[in-house]
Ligand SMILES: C[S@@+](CC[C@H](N)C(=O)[O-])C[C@H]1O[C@@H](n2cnc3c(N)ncnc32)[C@H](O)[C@@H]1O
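In structure tokens, the next block holds one chain alone, the form predicted alone.
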């Protein structure tokens, strides 16, 4: 199977948006893991006045995690899928949360411009055609010392973790998604994880993009070795974050 890209992927997410929240709710720890990754930005003690980019916000689960971890922050939530954004925007949000339709590669054309104090990207990088270009754009959008947290299915490299991921997808996710008419999308999501960087490889990719203080942090539960938070910082004075 060829992985879906760009417009085809956005259309597939549009179709899946109606059942997306129900499917992720069946994933133990999904929302708690996002909240943990949001806290790993390390900004929870100075949230007022922060400007945060939520890149690939989907139906707003990552946005909600950021709003809880960083109360009072301005959050710009971006996604390429109109269907996902419609679901997200229909929910109740605190003041300061806005939604913009754009791909990760075309932020400037959509009017999304920095500087941001932090960028959060959940389940995004394995779905973009050029992750290095997106990392470069993210680095440019951050203030000096700005933080990046990538919450992603990045396998550890151990055969057992790959086997668990494939077993969960084939045993539960794909059958349910196929019944809902979204089999192609979820087959893409399964393959995108298997074919993407391991956690260590992605950390090296982030370093090559010019970030410092790069760390790979595991998440608990059945996703240990499957989902990680990769945190990093744009070089510069850390005191400029939360200016």
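Positions refer to the first chain, counted from 1. Note that the structure is a prediction, hence the values are computed from the model and not measured.
Same protein, other form: the form predicted in complex with this ligand, not shown, and the subject of what follows.
Put simply, of 173, 104, 143, 76 only one has a heavy atom within 4.5 Å of this ligand in the predicted complex, and it is 104. A heavy atom within 4.5 Å of this ligand in the predicted complex is found for exactly one of 84, 155, 97, 169: 84. Look at 135-143, 76-84, 156-164, 111-119: in the predicted complex, residues with non-hydrogen atoms within 4.5 angstroms of this ligand sit in 76-84. Using a 4.5 angstroms heavy atom cutoff to this ligand in the predicted complex, all of 13, 20 and 58 count as contacting. Residue contact check for residue 34: one or more of its heavy atoms lie within 4.5 Å of this ligand in the predicted complex. Among residues of the shown chain, residue 231 is not one whose heavy atoms approach this ligand to within 4.5 Å in the predicted complex. Not displayed here, this ligand is approached by residue 30 to within 4.5 Å at the level of heavy atoms in the predicted complex. In the predicted complex, this ligand lies within 4.5 Å of some heavy atom of residue 9. In the predicted complex, the residues of 109-137 lying within 4.5 Å of this ligand by at least one heavy atom are, in order, 122, 123, 124, 127, 128.
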